[in-house]
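Only one chain is included here, represented as structure tokens and corresponding to the form predicted on its own.
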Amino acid sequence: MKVVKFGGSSLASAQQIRKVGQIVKSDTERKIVVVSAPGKRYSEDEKVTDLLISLAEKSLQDQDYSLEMNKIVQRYQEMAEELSLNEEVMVAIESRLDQLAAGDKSHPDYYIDAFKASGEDNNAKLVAAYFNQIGIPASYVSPKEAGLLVTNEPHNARLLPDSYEKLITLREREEVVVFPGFFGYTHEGDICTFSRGGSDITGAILASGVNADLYENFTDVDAIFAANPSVVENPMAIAELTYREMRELSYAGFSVLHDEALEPAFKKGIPVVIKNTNNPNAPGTTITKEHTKEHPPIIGIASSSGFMNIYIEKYLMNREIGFGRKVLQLLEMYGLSYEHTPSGIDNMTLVLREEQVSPSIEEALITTLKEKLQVENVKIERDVALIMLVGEGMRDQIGTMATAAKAFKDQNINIDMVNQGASENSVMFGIQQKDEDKAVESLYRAFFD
């Protein structure tokens, strides 16, 4: 049994949905299909999810949302007409949108989540109808019917483990199950969505829940590449990588998979294959628990911007019991989360996402650190990019750091911070954001050319 997930670009138009139908039809093991909301058909197009969010926000403010409503209905209408679907599909879709608009507005977060989820939900109904029309016995199954239960956290829900007790019954269905991604239901019956891009998470949850042999994630690229193709020209495709390597790459900027998506598959050891809806015969990239093929020491190079460093210096910091705990408590007091904490004997650096630190919070944090912890120096540096070298083979490779340092030196790029975990699966460099693309290109030439 295979669980297959199709992203927004794979379901953006009637033409794309026809491709999806042929992919499912070509392999009878593809028994569960997870769908996203319609994505962009071209670069200037609007995603249906974005239109739904705008509609919900206008409705909450009692503003006219007819423009957004018409655009959303038109998107589904165009696809339904091009696919020659029965009118019942559009009646169900429009009825659901009207029902949501008239829903309870007393809890805005739940109201918005219900609208966001409808993008996937309505698309699943449309795709199921199309499958049946082309001879694939299929049925739309909602997360509520399947028993996909989530925490009571709008926009950032987490799966409740007792969901698996009911999800396993999806194996017993003879027809193809078409399942909307991105959301589940709380015990109270409210809709809560995963974080943005969460249809990947739904696919992995179902693969785990039904003990699938394979989880296929169809998108719009032939494979995962060793570096960003928009930065490096014709980068090498990665044939195979491990869950751990993919997790590191996703965190550091690879947007092929949601960075939380692999956990359910990882726990069950289910292989994940990234494939291209527009070129389904391409082998894609396989993500497994352990490498089964020969592989280079460095699998990929990723980068992500929008970080900041808080540099704290205090003499004899290493002798002061509880100093690190006190620093993190102050971050918690200001509602801040940190990413990394490289340190020396008398100093430590906190790496944070800078979007959460406003100028007023920055000023208050500096004052509090100096007053409460008596630190000698606090320096904040914004516009930081993190560059990540990833590969489980680097632990056995001599000279990785030397090669990276020379690549930076040749391009006159200063390294502000280096951080390597105990697992030695990755090494991270903090640099100025303006040098991000140049650094990735330089490292790619050093390790892959």
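Sequential numbering from 1, following the sequence displayed. Note that this is a predicted model, so its numbers are computed, not measured.
Heads up, the form predicted together with another copy of the chain isn't pictured, but that's what we're talking about next.
S.K.: Examine Leu328 and determine whether its closest non-hydrogen atom to another copy of the chain in the predicted complex is within 4.5 angstroms.
M.R.: Yes, Leu328 is a contact residue.
S.K.: Can you check whether Gln433 is within 4.5 Å of another copy of the chain in the predicted complex, heavy atom basis?
M.R.: The answer is no: Gln433 has no heavy atom within 4.5 Å of another copy of the chain.
S.K.: Taking heavy atoms only, is Pro342 within 4.5 angstroms of another copy of the chain in the predicted complex?
M.R.: Yes, Pro342 is a contact residue.
S.K.: Counting only non-hydrogen atoms and a 4.5 angstroms cut-off, does Ser54 reach another copy of the chain in the predicted complex?
M.R.: Ser54: no contact with another copy of the chain in the predicted complex.
S.K.: Would you point out which of 217 to 225, 262 to 270, 110 to 118, 135 to 143 contains residues with a non-hydrogen atom within 4.5 Å of another copy of the chain in the predicted complex?
M.R.: Result for this chain: 262 to 270.
S.K.: Select from the listed residues Asn211, Ser337, Asn279, Ser84 the one whose heavy atoms reach within 4.5 Å of another copy of the chain in the predicted complex.
M.R.: If I apply the 4.5 Å criterion carefully, the residue I get is Ser337.
S.K.: Of Lys370, Arg171, Arg319, His291, which residue is found within 4.5 angstroms of another copy of the chain in the predicted complex when only non-hydrogen atoms are counted?
M.R.: In short, Arg319.
S.K.: Using heavy atoms and a 4.5 Å cut-off, decide whether Arg41, Asp64 and His155 all contact another copy of the chain in the predicted complex.
M.R.: Checked in the predicted complex: no contact with another copy of the chain for any of the three.
S.K.: Scan 375 to 403 and write down, in order along the chain, each residue with a heavy atom lying within 4.5 Å of another copy of the chain in the predicted complex.
M.R.: Result: Glu381, Met388, Arg395, Gln397, Ile398, Gly399, Met401, Ala402.
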